[in-house]
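Only one chain is shown below, in structure tokens, and it's the form predicted alone.
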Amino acid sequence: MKCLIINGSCHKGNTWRLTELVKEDLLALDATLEFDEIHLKDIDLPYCLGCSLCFRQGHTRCPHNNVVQGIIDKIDECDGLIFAAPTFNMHIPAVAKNLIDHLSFMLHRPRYFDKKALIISTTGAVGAKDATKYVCGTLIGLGFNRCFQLPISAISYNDYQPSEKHIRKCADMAKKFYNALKSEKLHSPSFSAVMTYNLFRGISRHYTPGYQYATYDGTYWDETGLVKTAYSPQVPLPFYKMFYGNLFYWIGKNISKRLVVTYK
């Protein structure tokens, strides 16, 4: 199995110390695990311009796709993602938020339905839960099947010495994450994930080729065949969630008739 670690910090401080502990715990569980690392400070990813080309014409038209595509490919190839980012003022740092901004087109076009993730964050005092919750919510929107969160109040600025309690938390979370990867079981999505998926599925019907503001959103859902299903076919979906999803598909399709997003 392959794990991709994204270091969403400009240095290797408290959060990275926890990430290394988790990595050691994972290797103790399975020495055959393979790891790859992306350190965002080293890849020279320019800030997202908000040009909307990823939404309108596809992410390959992003002016920074020469960097972004490599990250997308690595996520495609991994079984599990570890996203490590410290907490700056109740949120993740700009370098990490910049990556998420570049990937946000996938909120309209989810794709990572078989992926599991672990989000790690430390803070000097408070806010780590807010930071991990934000990243977790975004990854679920991108299609991730299961997200685990490890927020820690380190009460330290770059001199963090993990307590026995925090060391146990790392070990427990590493075990949960590993078991999720090893089982390959895909869990039924939450109601919020089904709702978001189907709203965008419905809205895409009025952005297909031939409409005034046709975008790649309209093309993607047809190309993948996802437009035909209330969620990705590879993920189990009970009947009541299927009904719920199709209801929001209908809502999205009808809303988009009256609420057209214009582009210039």
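The model shown is predicted, which means the values in this text are computed figures rather than measured ones. The numbering used is simple: start at 1 and walk along the sequence shown.
Note that the form predicted in complex with a small molecule isn't included here; everything after this is about it.
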Problem - in the model of the complex, segment of 80-88, 99-107, 134-142, 184-192 with a heavy atom within 4.5 Å of the small molecule - result: 80-88
Completion exercise
in the model of the complex, the residue from 174, 75, 147, 154 with a non-hydrogen atom within 4.5 Å of the small molecule is 154
Exercise for the section: Decide if the three candidate residues 111, 219 and 224 all line the small molecule in the model of the complex, where lining means a heavy atom within 4.5 Å. Expected result: no
Exercise for the section: Evaluate residue 167 for contact with the small molecule in the model of the complex, applying a 4.5 angstroms cut-off between non-hydrogen atoms, and reply yes or no. Expected result: no
Practice task
Please check if residue 126 has a heavy atom lying within 4.5 Å of any heavy atom of the small molecule in the model of the complex.
Solution key: yes
